[in-house]
Structure formats: C-alpha cells, structure tokens
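Just the one chain here, laid out as structure tokens, in the form predicted alone.
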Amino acid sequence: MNIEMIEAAAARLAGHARRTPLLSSPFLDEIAGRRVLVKPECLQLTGSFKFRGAWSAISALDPAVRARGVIAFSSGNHAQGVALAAKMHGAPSVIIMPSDAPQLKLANTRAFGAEVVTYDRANEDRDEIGARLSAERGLTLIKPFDEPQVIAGQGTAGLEIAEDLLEMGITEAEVLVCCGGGGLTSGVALACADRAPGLRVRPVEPEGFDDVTRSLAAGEILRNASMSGGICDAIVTPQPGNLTFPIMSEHCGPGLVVSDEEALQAMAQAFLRLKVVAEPGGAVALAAALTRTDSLQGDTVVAMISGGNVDPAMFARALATL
C-alpha cells in the first residue's frame, strides 16, 4: 500500500463517487468542548463509505475478469457498495451476508441486482463460503477490508479530509474513524500521513468488539471473543486485517471504545444537529468525539459518520435517547 494507489483510486472514482463535506454545529462543539467537524459518508452512494473501496477494486480489474462477476461477504454496507459498483460496470455480483443483518441492508443489496447468499454468523465461516463459491463460479472475491484496492478506495476519504482541513488552515487535529477490520482506518491514515502529517487518525470501536484497540495496545493481532450481541453490525469483524493492522500500527494513535448507548445518543445528535442519519456502527466515531473528551488532544476533532443504513426501529430507538 502507498499513497500512489490511493491517488490512482481517487482518479478512477472521480465522477462516480460523491465528495462528502465537513459539517459542523456549535451545539456539538459545546458538548465536546472543542471544534467538531463531521464527515458524513452516510451521504455517499449506497449510504456508506464502502462504495469507494468497491468501485476502486472493481474498476481496477481486467475487463475480462470483471465480466465473469465478483463476490463479496458483508453485513450490509460492503455488500451494497459492491452490488452497485458491479451493476454500474455491467458485471454480476454474489453477496454473502449474515442472516441477522438488518433487513434494510439485505433488501437494498438485492435491489442493486446482487444474488444474496445468507449464513449463520455464529456458526459458519464467511471466508470459507466466499472462497468456495468464488472457485465454483469463477468469481473474483472483493474482500471487505484486507484488499489493497479496497484500502486505496477508502483512503480517498482521507485525501478529502486532509485537503479540506488544510484549506481551512487546520494542520493539527484528531481524526476519529469508525473501525471494523481497518480498511477505512488504514486508508485514511495513509492518506493523512502523506498529505497532513499533523493529523492523528484513531480507530473507534464498540464495547465487546474492540479487537483493533486491543491489538494496537498489545502490538499483535487479537481476536474478538464473540461475533454477535451488539448493535453495531457494520463494524463487527473477527480481528484486524493482516494488511490493515501494520498500517494502523505505524500511522494511528490509540483506539477508542464507546458503548452501544453512546452510539445511539450520537445518532440522535447527528440527526438533531446536522440533519443526517447514522447507523449505530457509523456513529461510534462521533460518539467518541462527544464523550471521550479527556482522551483527545488539541482543539479540533474530525469524526467520520461511516454509514447511515439503519432500520426504522433502530433509528427510533436512537431518537428516544433525546
């Protein structure tokens, strides 16, 4: 991985992905005790940052390989990103999704034209399923985070953050990123390290699924004890990626961990103050910006809302915290 790959991905994404802005609210600043800038990737195509990596990876394939189709496994956001990117390239897609994924994500993935194959998150190995179907059908596997071109695509969000902050005259800030396997976090960290080294990228995870935070502290990859039980389905992964962990180890600060209740409260604040919709896993970075104030440095924090694909019942649960 290098900055040239991220720049190349940005060129391929031009005209296809949305450049999301940095939003602010004096109410959020007051809660956090510092300036809070929010990058709403919930406004990205398919409702999350995952479209960036999906387009990057699929657009980089040889046309003949791409025409045979792609396969991906995801709880929903990577699924939708790959499904739409494949459809826009005229390629078939098969998406492996946990049976307990939010119904909205399952429905949207099918609506983008993908064939959806469900599995039991607690008892079946999605990697094995993906490898088997890929071999049987001649499909190219687009991994959700541990794939160079996917990391490069996610890193384009980091280029935008660095460029927008420098335009605002901000050279130092904490950049909080919702983190599962680390594709987004590592891509953003690589981009910021090159373009604005005064920015410190920090992964944020939900309690009980803090494998990246624990791994960074231990200096080695550690697994989560469980793969179910929380509400932040978008960022629940077994462990950091073999490609993403070294990047995060080199370029990221310590991880931060928030509770499900704090994620719900951040969803409510994002809606109330910024008029944007976040899903639980997409709101953990904003939750950390608002509640982990003693763990942050400087007078500016950037929090990414990584996705907004939330079922109505869960969103109502978040609004009930107001």
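Numbering starts at 1 and runs along the sequence shown. The model shown is predicted, which means the values in this text are computed figures rather than measured ones.
Below, we turn to the form predicted in complex with another copy of the chain, even though it does not appear here.
Enquirer: Which of these residues, Pro26, Pro254, Gly33, Pro63, gets a heavy atom within 4.5 Å of another copy of the chain in the predicted bound form?
Expert: Only one option qualifies, and that one is Pro26.
Enquirer: Which residue, Leu264, Val258, Leu296, Cys42, is the contact with another copy of the chain in the predicted bound form, using a 4.5 Å heavy atom cutoff?
Expert: Flagged contact: Cys42.
Enquirer: Hey, in the predicted bound form, does Ala135 get a heavy atom within 4.5 angstroms of another copy of the chain?
Expert: Because no heavy atom of Ala135 falls inside 4.5 Å of another copy of the chain in the predicted bound form, the answer is no.
Enquirer: Taking heavy atoms only, is Val310 within 4.5 angstroms of another copy of the chain in the predicted bound form?
Expert: It does: once another copy of the chain is placed as it appears in the predicted bound form, Val310 has a heavy atom within 4.5 Å of it.
Enquirer: Would you classify Phe112 as touching another copy of the chain in the predicted bound form, given a 4.5 Å non-hydrogen atom cut-off?
Expert: Yes, contact at 4.5 Å.
Enquirer: Does another copy of the chain get within 4.5 angstroms of any non-hydrogen atom of Arg68 in the predicted bound form?
Expert: No - in the predicted bound form, heavy atoms of Arg68 and another copy of the chain never come within 4.5 Å of each other.
Enquirer: Does another copy of the chain, in the predicted bound form, lie within 4.5 angstroms of each residue among Phe73, Val117 and Gly241, using heavy atoms as the measure?
Expert: The answer is no; none of Phe73, Val117 and Gly241 reaches another copy of the chain.
Enquirer: Out of 254-278, which residues reach within 4.5 Å of another copy of the chain in the predicted bound form, heavy atoms considered?
Expert: Going through 254-278 in order - heavy atoms within 4.5 Å of another copy of the chain in the predicted bound form - the hits are Phe271, Arg273, Leu274, Lys275, Val276, Val277.
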